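Given next, in structure tokens, is a single chain: the form predicted on its own.
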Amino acid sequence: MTTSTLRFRLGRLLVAGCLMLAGSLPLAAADNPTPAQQQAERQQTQPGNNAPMWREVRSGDSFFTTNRGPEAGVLIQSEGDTWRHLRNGPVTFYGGILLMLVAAAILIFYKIKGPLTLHDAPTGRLIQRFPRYERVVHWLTAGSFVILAVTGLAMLFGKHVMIPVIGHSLFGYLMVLGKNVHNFIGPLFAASLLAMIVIWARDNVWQSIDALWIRKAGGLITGEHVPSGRFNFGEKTWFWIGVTILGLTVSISGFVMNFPNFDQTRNDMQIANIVHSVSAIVMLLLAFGHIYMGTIGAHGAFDSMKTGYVDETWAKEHHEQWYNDVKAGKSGHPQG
């Protein structure tokens, strides 16, 4: 083989090798495309699909921002979906059912049993049951509670009940007003609630006579006379669970949402909102029973908080132990 022939063959092999190498480079790039190439290909087959970017946005990671507030660098907080589903789902649905069932049960009970009445005739002699300062604190707490309950129920259930009746525009104006009223009345409720706890805590401690009240269910079913102290076990249950535990829970969770300038995160306020809603619904359920017994459920109960005085017969039949203490000068509440 001549030298020229060998050079010719080597040249052909070199050219073929270069062509093969050049052809393999696009294949290697196709096997391992860069993110930019992937996005370019996706825009060809699925225009508008920017899944990698949104996956990164929804990761919850904090990115660069000039705003120094908490979570300012987080564009989308995915836990908000969980909060929305809980609030608009189980909390609203089951809360609404429970409120209607308890209200219906109280109405049926009243239709069947009627109010508790006195067995003996009034004597005309009055005993002071609630001094003025106690009544002022009670009505401040009760009044603010009713306002908060009405506005809170409207915010929770209004779009399901009110919009079909009054339309979106009027509902929107009412909710703006209701939300502001709710926010400003909340601190008043919390302050009067604390005052109520301080005033009545000593009169709501457990006494041995409360066991008898529990066994006889306070005489609500049989109508029999069941003695108790200044407050019976039902009233003590409302005080410790409804007023103290749930009232403080509602107040604290409300403050978390009402003052979002103490470095709370969105997740903190979402959790506070669920706690606030559930606690408020349970508190309202217990309040139904308290309001019923304090108005139409027991004759004379409303007058005791309205005027501060009760007849001796009423005191003896509803709170006999407290009545005996008053007559013996032990309770610190003077006779009228």
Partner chain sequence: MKKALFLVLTVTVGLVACGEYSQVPNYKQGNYQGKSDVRPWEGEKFAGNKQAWENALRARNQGQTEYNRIK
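Computed from a predicted structure; not experimentally measured. Positions refer to the first chain, counted from 1.
From this point on, the text means the form predicted together with its partner chain, which you will not see here.
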Give a yes or no on whether every one of L107, Y110 and K159 sits within 4.5 angstroms of its partner chain in the predicted bound form by heavy atom. yes
Contact residue in the predicted bound form, from H225, R84, K216, R125 (heavy atom within 4.5 Å of its partner chain): R84
Contacting member of M100, V198, L248, L118, with respect to its partner chain in the predicted bound form [4.5 Å, heavy atom]: M100
I'd like to know if H168 sits close to its partner chain in the predicted bound form, meaning any non-hydrogen atom pair within 4.5 angstroms. yes
What stretch, of 189 to 197, 138 to 146, 234 to 242, 160 to 168, brings heavy atoms to within 4.5 Å of its partner chain in the predicted bound form? 160 to 168
